[in-house]
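Coming up, as structure tokens: structure 1 and structure 2, two forms of one and the same protein chain.
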Structure 1
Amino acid sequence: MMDATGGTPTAREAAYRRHGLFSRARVREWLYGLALLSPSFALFAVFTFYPLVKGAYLGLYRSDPFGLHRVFIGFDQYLHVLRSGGFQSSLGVTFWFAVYTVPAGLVLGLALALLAHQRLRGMIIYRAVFSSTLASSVAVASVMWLTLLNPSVGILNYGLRESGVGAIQWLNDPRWALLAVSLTTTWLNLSFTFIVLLAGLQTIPEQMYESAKIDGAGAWSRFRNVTLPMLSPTIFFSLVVLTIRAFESFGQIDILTQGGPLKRTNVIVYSIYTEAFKNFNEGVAAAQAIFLFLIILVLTLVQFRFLERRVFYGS
């Protein structure tokens, strides 16, 4: 008896055909695979699935001002949060925060990666400098920028005073606070984008650039027709990660502005923190967290649905 490829089926394949899905060999392989995956399942169950289910459950209850007594109100909690002005305001702040940080981080990271990809003497030093922020924690970076943005001794205001513009209350002025926090976040994420895009640039074959030069393509033409298409999977990955990071930002906001002034930097995550640990509204905080999860999920699916089609994965 011949198999589909024209050869004689092995004894294992013949056993699969005789016994189907529930043969001893197949069950043994399934059990072995599950045993290998069980540590990952356990970690996901403890740190992902359980908090998600627990958060959805807590969102069905309303807590008293001291957080000691809960009253079941069902899905009215979610409707109340969705209609509340505070949640809508924090959602708008988070949207603008993402608009400020994601494109800037992507463009600057790509510019630095293109610069560091040049074959120049001493470029390894610049690569180390550009990637150095990856080793900085959110707390360290925030404290550093807290000093840089200081209205009295900050270097940014020093430059503005020397140029005759005058000092700016970066973290205390509602017009500038979100931009200042966005600047800190962009700098904090810059090394990640730089390293990822530089790694992507190094995978592009040099023969493609040489062929483009032979065809008379200039620097801009090579960048538009060779670099961007070949780098599009890496750019798409960076875009998705930066968007998720923007919607999950908390540490720099807590250190720099605490959601102020006038809640101009009160992003969704900081609003969740305030409701849970300052106002003791666990139900409201849990409902906001579930909405944040759904927003990030929808944004990621939209990016994959409409942007991935523009990604060139090559052959």
Structure 2
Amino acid sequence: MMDATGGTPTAREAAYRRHGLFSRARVREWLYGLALLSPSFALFAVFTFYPLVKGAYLGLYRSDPFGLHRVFIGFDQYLHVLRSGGFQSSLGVTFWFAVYTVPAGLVLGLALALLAHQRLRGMIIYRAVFSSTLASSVAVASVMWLTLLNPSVGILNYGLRESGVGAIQWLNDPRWALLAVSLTTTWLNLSFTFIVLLAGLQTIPEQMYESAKIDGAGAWSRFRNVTLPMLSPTIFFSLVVLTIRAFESFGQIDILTQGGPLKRTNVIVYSIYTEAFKNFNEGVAAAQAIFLFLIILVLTLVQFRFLERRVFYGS
């Protein structure tokens, strides 16, 4: 073995006697650790942190329609974006999109989870079906729903006509388009919510139900006083994840409505996309992206904080 300090054995002994080994082994462990982190870290630096800073910087400039010149605008651009009707309407659209998709997704997911959280023969098949929308990508789901929502030969309108309600221009009517997109999204999210909530239900100890039964609690009371409180952390987690997803949605808009009609489905990400890559208004798009980042940041922090505390109401 070579030694760390070099020199003759006696010199080495003298060195160890005084300082021990500040240790080559320890320094090697440092280097090792940093080396193991470096692939991930390099990728994060190039594709997450640098673009975040660069994006904030780009938001200070306005580019001409050909992307040739950039004019410094400064923070006014952020204020300008914040005040602009276009951005405010995208924010509003995204907000309503979340309102349509999140609670519905939670309620339906919870209903499915409760249905599937029983010991019944053949349950494995039902669970597989309830989990199946996970297999759909956003593109697959959107194309499937595109045909269901087809105004003339879609199955939805067929049903509405037959029941006397009359056809709806799902994707072309400004009053319905966001709802139609939300319907698709809710279906797409269903399995995620179902799986997470079912897993949450399965962690509730059986004894809690048994003791509630002995205390004379009926089915509703058990749901109110045992299931919901015990499940609340999981519900909260799903709530935040679904909300974040709503704010990140893009694919279903791109395939179903392209932001229309009358920009009624122009959610934030779609707005960023069109400003940057269709209108070549990169500065404005970058500023919008920073606002999106702030929104997601807040949501994620809420989620972290919550997970950290891991609140369980009840014992």
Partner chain sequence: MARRVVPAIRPAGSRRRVLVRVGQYALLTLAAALILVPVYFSVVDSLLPPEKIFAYPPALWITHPQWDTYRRAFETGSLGRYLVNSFAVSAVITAGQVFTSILAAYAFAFLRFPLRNFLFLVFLTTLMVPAEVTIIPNYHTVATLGWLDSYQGLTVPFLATAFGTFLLRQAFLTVPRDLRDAAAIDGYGHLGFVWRVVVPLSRPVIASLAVFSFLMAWNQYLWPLLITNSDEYRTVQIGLKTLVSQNLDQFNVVMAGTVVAAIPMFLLLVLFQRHLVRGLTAGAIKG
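When a residue number appears, read it as a position in the sequence of structure 1, where counting begins at 1. Superpose the two forms; the largest set of C-alphas matching within 1.5 Å is the rigid core. Note that the coordinates shown come from a computational prediction; the quantities given were computed from them, not determined experimentally.
Form assignment for the chain places structure 2 as the one matching the criterion, namely the form predicted in complex with its partner chain. After superposition on the rigid core, the Cα atom of Asn279 is displaced by less than 2 Å between structures 1 and 2. Gly33: CA moves 2 Å or more between structures 1 and 2 after rigid-core fitting.
Relative to the superposed core, Leu43 undergoes a Cα shift of 2 Å or more between structures 1 and 2. We note a C-alpha movement of 4.7 Å at Thr300 between structures 1 and 2, with the rigid core held in register.
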